[in-house]
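Quick setup: one chain, the form predicted alone, written in structure tokens, and binding and motion questions come after.
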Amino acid sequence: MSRAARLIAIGWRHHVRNLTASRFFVVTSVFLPILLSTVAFFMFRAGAREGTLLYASLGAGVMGIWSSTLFGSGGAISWARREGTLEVLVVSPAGYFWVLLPQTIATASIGLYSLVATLVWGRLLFGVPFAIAHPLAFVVSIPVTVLGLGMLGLLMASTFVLYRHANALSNMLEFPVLFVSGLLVPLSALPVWVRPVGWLLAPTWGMRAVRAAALGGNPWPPMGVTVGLAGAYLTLGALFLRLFLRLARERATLALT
């Protein structure tokens, strides 16, 4: 257990340094949350219900975390494949799972900036009130949501090793997950057949926990569901990664050439 924790800690620190050294990733992470939050604010500004703008602000912030997680996970595999190091990482003594796990957690952690930037931007430019109903629960709900999104990123990233254009696949998956998770549009406004899909996604429950903690409600049940889904994603991600790595070796799709 201590070895696994050490691998995760070292891998997280290494990937955070690598990602923050990438100008493209930094610029995207800095400006995309501001763009998303501005669009969300203009969409919701006409709402007359109390707390509407904070509702939109929190949704835009979690959107930024998810975008960072998915883009970073798919991008890391593409970068490793382009640099010719993916094969080396796959056959590392620790196993590729222990390389990919801290990678997805690192991208989700960097995405925390999105939430902070969105709340600050909304407060300064749009005057969004920042009054938290349950401060302790709000503080706990943030890392729980990051964990859920990171593990969902791990599950999706396990399939990216099969494809030579992982970035394109990650970009394709970004907005469908945003919509069916109810980050900006409530699930009740979506078609009935879409709602069960949202229930299987950690962003749905993480977002419910964050909003309940901020706007009022009971955030602990959705936090529990988020943690449960994170555990399920972790288990499935480990199984799928083993299967997809075997298929990638059989199809010789690990390298670009």
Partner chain sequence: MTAPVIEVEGLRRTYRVSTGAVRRRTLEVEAVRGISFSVGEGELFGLLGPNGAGKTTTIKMLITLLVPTSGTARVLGFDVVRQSREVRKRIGYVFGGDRGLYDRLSGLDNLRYFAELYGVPPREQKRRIFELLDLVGLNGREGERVEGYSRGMRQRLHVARGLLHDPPVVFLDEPTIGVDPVGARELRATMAALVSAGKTVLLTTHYMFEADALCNRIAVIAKGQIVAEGSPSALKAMVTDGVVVELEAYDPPPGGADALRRVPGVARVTVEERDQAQLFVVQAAAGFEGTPELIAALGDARLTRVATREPTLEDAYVALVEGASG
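Residue numbers count along the first chain shown, from 1. Bear in mind the structure is a predicted one, so any value in this text is a computation, not a measurement.
FYI, the form predicted in complex with its partner chain isn't displayed, but the following is about it.
Using a 4.5 angstroms threshold between heavy atoms, G84 counts as touching its partner chain in the predicted complex. At a distance threshold of 4.5 angstroms between non-hydrogen atoms, V99 is in contact with its partner chain in the predicted complex.
Shown alone here, A133 lies farther than 4.5 Å from its partner chain in the predicted complex, counting heavy atoms only. Taking the partner from the other structure, its partner chain in the predicted complex has a heavy atom within 4.5 Å of a heavy atom of G11. Comparing 115-123, 154-162, 91-99, 140-148 against its partner chain in the predicted complex, the single stretch with non-hydrogen atoms within 4.5 angstroms of it is 91-99.
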